[in-house]
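Single chain ahead, written as structure tokens, the form predicted alone.
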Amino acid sequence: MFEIKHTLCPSCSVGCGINVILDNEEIVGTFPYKRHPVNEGKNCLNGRLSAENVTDRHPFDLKALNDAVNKLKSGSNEKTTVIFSGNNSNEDLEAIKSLCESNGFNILAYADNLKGFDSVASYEDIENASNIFVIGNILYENPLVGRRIVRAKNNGAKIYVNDNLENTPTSNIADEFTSVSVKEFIENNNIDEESVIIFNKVDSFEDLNLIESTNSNLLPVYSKSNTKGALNLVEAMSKEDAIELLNNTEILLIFNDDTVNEIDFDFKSISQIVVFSPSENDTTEIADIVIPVKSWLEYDGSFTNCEGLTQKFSSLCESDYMSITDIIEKINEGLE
């Protein structure tokens, strides 16, 4: 029997809704959630393909989990690092943070060299802005935020774009386009408190302080669905600090993240890598221990999108796998 169920897209931090089509509990497709307030019936290609990213997993192996716990017991807590990824729900992140704090593990929160901000612009702020300054190819990489920029332009806003790529969807709607450093872009423009700066990348971590010093409305658009939620709990690291921490790591725990494709580092130099993942990826390929877990389609939780809106999602189908929160309970029991 066919069913249609609502959930959230996990593909980036915009926070779009999607509908998932199930045939007797098997996921067979997706289509846009027409009444969702964020995307208003639109989904980008990544959103439409999001359910396909949950691949077949190996059966859950309690021995693998016990092996991981034994590695943690025999290792140094000071040399154990946990990746704090925005791919996880708020509830899972709370559990991961508690695990780290209880055992003295290091937390590595890396967000593409971006950080969290206490106050951010809303999507409504974008549409009502007179001047919008864009860093990166937002219309291509985050099209449902890009849609708000287009609406603002149609309302008379001036769009200033800075990117190292020309002839992109974002550069093509710009009133002024430059390809300079972020520092030059900020310093060369008259950005006031009424302006909105939207960005999904910077040249360096220090650029974030410069952007913040403009006192304008800021909207960092992260590549993961719950990075905003993660950075509400812990501070982000620069790429340099993340690499320094990895250089001093002997045991690395990775919860639902393809870390090897995000940080340019020789992960083979780490003695033990334990990955908890709902799908196979390049990081599971280099892991010493892989423990399959539920995907976001198989448990209840919440994501906080880049504008700070926290939305709940519910399990759409049954699963024999354990959630990350349940896995951490088992780890805590084994470490007692």
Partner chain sequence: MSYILAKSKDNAILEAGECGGAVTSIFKYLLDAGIVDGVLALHPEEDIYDGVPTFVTDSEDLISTAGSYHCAPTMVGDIITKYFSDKKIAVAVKPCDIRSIEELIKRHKIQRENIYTIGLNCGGTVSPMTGRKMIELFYDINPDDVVSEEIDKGQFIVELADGSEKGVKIHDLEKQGYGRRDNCQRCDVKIPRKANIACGNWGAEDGWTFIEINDEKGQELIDGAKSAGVLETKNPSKQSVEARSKVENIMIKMSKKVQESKFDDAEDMDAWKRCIGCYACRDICPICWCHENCELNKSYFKDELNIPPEPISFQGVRLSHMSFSCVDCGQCDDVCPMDIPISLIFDKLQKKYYNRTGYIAGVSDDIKPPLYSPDKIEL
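Numbering follows the first chain given and starts at 1. Just so it is clear, the structure is predicted and the values come from calculations on it, not from any experiment.
Not pictured, yet referred to below: the form predicted together with the partner chain.
Using a 4.5 angstroms threshold between heavy atoms, F31 counts as touching the partner chain in the predicted complex. At the 4.5 Å threshold, heavy atoms of P169 reach the partner chain in the predicted complex.
Among residues of the shown chain, L144 is one whose heavy atoms approach the partner chain to within 4.5 Å in the predicted complex. In the predicted complex, K268 stays away from the partner chain, with no heavy atom inside 4.5 Å. For the candidate set R151, K158, K79, K183, a heavy atom within 4.5 Å of the partner chain in the predicted complex is found for exactly one residue, namely R151.
Residues with any non-hydrogen atom within 4.5 angstroms of the partner chain in the predicted complex fall in just one of 66-74, 40-48, 277-285, 302-310: 40-48. Contacts between 1-18 and the partner chain, taken as any heavy atom within 4.5 Å in the predicted complex, involve M1, F2, I4, H6.
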